[in-house]
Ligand code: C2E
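A lone chain, given as structure tokens: the form predicted on its own.
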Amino acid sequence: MMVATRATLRSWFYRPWFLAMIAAVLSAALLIAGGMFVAMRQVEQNESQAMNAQGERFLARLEQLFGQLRESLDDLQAQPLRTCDDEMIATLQQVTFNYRFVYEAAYKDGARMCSNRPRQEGLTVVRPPDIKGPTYSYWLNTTTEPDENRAALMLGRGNFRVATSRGHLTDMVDLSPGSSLLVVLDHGKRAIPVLGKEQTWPPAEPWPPKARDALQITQSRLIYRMPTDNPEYQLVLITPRTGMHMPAIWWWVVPVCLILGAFVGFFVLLLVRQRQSLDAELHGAIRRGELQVLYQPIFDLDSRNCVGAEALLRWRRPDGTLTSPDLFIPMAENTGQIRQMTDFVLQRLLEQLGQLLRANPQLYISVNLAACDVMVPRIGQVMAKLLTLHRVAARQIAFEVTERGLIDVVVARENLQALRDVGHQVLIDDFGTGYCSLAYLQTLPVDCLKIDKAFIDALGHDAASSGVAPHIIHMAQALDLKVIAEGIEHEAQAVFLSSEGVKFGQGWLFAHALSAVQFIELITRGRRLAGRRLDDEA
């Protein structure tokens, strides 16, 4: 049952339209989610900016109000009158003319009270002050009436009282419904609304917040704590969060995301079809005889004699075009066809060069191993059968592994050691381009390092990379390892490498990749290629 289910799922995941649909849906969902996140952040930022601006305006107005109320009290306290008569009322009226934010001024002496507004209900607050300082006393929210001509804040000094109206606060900032301006007292334990409705205090949210930001954003409210110079109180502006009002541009984002998701799905469809087409063609390439094995000769840099070759796999289509190994080798590794291709290379090179190898015991051919073959002992078993069949010594077949193929160094070490135990050489290919450290290299069963062509090209040109090749050479010499330089194209490179102690090299200076016939001719005739180069005629 499980096997059938797994097979069904696998078949679905190999369908181009299904994969394209998944890619389109996922990409559109990710784009929309990203857009939502950006939009929500924009809304939060807009709310924060509006709240900060409102809080700053309130704070500036409150500082003006309290400053004028204190100044007017100081003026009243300095004058000599201390009785409720016409002269006192005139003095109180003059104070309200002199100070813009003083709406009402009063004098209270025992049971008598006189005000600049004698015919209206005056400052009749008789409760104790909300804040009693050494000089001034503060009464907050002296009225809950919506009338803007009623006092909202009152200050007292001695027998004098002055108050400002609610309008002097609301003309600066219009509170939204549900908002409140609070004065927090008793070290944050009690809050009195100056404007707006009463609020639960402390807030239901975790309080006090860990962050020291003036603005705290909760799930339902914005709480702006305004800094004050007086430690006795703190001003707090609380307003409910607005609904998620998306910017107008957001309604263009959704269709754009859907269109982009459709484009992604379309490209995935094309890529999957191309991949499946290439995969299907590669599957039959061996059967149709389209895969070829070429041989890149390896030379002794001193004598310029050929000592071996690297087997290279090439895919030539029926129309004569070559498919790059960089394209079909990774795909073969992903689909598992690389094992079949490695077996093909081993079998073909022994069929083509078996007689040559038996006649020249000093000659060897190296074969590249994929990571999957480095991690399992399979290749040793395959090789043993082929060597017995073709009567070729194990030392004449070497195996090249890349640093990137050493996924699990411990497992790779065991399998590579098993190959060395029966006589095969082990080479690290493209050394310096992967992640094989010196510590790992010292523990691996390796006979030779191959320096990547990029470092050879940099010799004498790229100041940043020109020192890499000599470093690898000296490191290999310290570990008693042979070195093969790849991609030698100029005589100066060969001379320099030889002077550095490099024994072997390969590259277009000596020969292109040769067919089996060309390679056999090269060896049997003992041809030295110092004077000319053999090109690939395959």
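These numbers were taken from a predicted model, which means no experiment stands behind them. One rule holds for the numbers: they count along the sequence shown, beginning at 1.
If you look for the form predicted together with the named molecule, you will not find it shown, but the lines that follow are about it.
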{"property": "In the model of the complex, segment of 105-113, 156-164, 362-370, 90-98 with a heavy atom within 4.5 Å of the named molecule", "result": "362-370"}
{"property": "Any non-hydrogen atom of Asp326 within 4.5 angstroms of the named molecule in the model of the complex", "result": "yes"}
{"property": "4.5 Å heavy atom contact, Glu500 and the named molecule in the model of the complex", "result": "no"}
{"property": "Non-hydrogen atom contact Gly507 with the named molecule in the model of the complex at 4.5 angstroms", "result": "yes"}
{"property": "Non-hydrogen atom contact Ile338 with the named molecule in the model of the complex at 4.5 angstroms", "result": "yes"}
{"property": "Every residue of Leu313, Val345 and Asp429 near the named molecule in the model of the complex, heavy atom within 4.5 Å", "result": "yes"}
{"property": "Answer option from Arg420, Lys453, His390, Arg221, heavy atom within 4.5 Å of the named molecule in the model of the complex", "result": "Lys453"}
{"property": "Residue among Asp130, Glu71, Glu290, Glu400 with a heavy atom within 4.5 Å of the named molecule in the model of the complex", "result": "Glu400"}
{"property": "Residues from 468-501 in contact with the named molecule (non-hydrogen atom within 4.5 Å) in the model of the complex", "result": "Glu486, Gly487, Ile488, Glu489"}
